[in-house]
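Consider the single chain below, provided in structure tokens and representing the form predicted alone.
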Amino acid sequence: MKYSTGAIVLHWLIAVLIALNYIGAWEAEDLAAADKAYAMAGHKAFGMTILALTVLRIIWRLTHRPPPLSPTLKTWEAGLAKTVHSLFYLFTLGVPLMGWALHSAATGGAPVNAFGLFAYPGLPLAQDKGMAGLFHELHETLATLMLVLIGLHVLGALKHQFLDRSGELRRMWFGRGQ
């Protein structure tokens, strides 16, 4: 049984934005200061978009029952799937929240520009270099853990699709199918 179209759209949109944000952050590391500031403005805007879409996804999840897990899953696989999905919600909230806190502590609560369209208000934090450093460490640590989780999620999906031949990928893909 497939996920709803809303869940599928939110899943893939968030996944693409997360991938772009990782790439953008890595590429920004070696840029000159002005170029890095420009790249990081985009990184922050994508992060805030991921946060907003995650809140929307949680609301969607609470109002739309997901399909049951495949009956072909072993007990440990079902438990691992539930744990990984729960951790994804935690990380897709936690990583951007720590980034928002980092930005706010680094700037004294300046707003976060969202692609020049509008601005998210800064969090009410005083400018504090030590606090910004703490939020930076938390942001990077959670992002690294999320990268490991993404790897586990992709490997699991590929295992079910190609080794188990369960057709599991069709559940989270567009179009007709189970």
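These numbers come from a predicted model, not from an experiment. One-based numbering along the sequence shown.
Below, we refer to the form predicted in complex with protoporphyrin IX containing FE (HEM), which is not included among the displayed structures.
Quick one: does E140 come within 4.5 Å of protoporphyrin IX containing FE (HEM) in the predicted bound form, counting heavy atoms only? Result yes; E140 sits at the interface with protoporphyrin IX containing FE (HEM) in the predicted bound form.
Review point. Applying a 4.5 Å heavy atom distance criterion, does I150 contact protoporphyrin IX containing FE (HEM) in the predicted bound form?
Key: Result yes; I150 sits at the interface with protoporphyrin IX containing FE (HEM) in the predicted bound form.
Give a yes or no for A105: in the predicted bound form, does one of its heavy atoms lie within 4.5 Å of a heavy atom belonging to protoporphyrin IX containing FE (HEM)?
Looking in the predicted bound form, residue contacts with protoporphyrin IX containing FE (HEM) do not include A105, since no heavy atom lies within 4.5 Å.
Worksheet item: If you check in the predicted bound form, is L163 within 4.5 Å of protoporphyrin IX containing FE (HEM), heavy atoms only?
Response: L163 lies outside the contact set for protoporphyrin IX containing FE (HEM).
Notebook entry, point to check: Mind listing which residues of 18 to 54 have a heavy atom within 4.5 Å of protoporphyrin IX containing FE (HEM) in the predicted bound form?
Noted result: Going through 18 to 54 in order - heavy atoms within 4.5 Å of protoporphyrin IX containing FE (HEM) in the predicted bound form - the hits are I18, N21, Y22, A25, W26, E29, K36, M40, H43, K44, G47, M48, I50.
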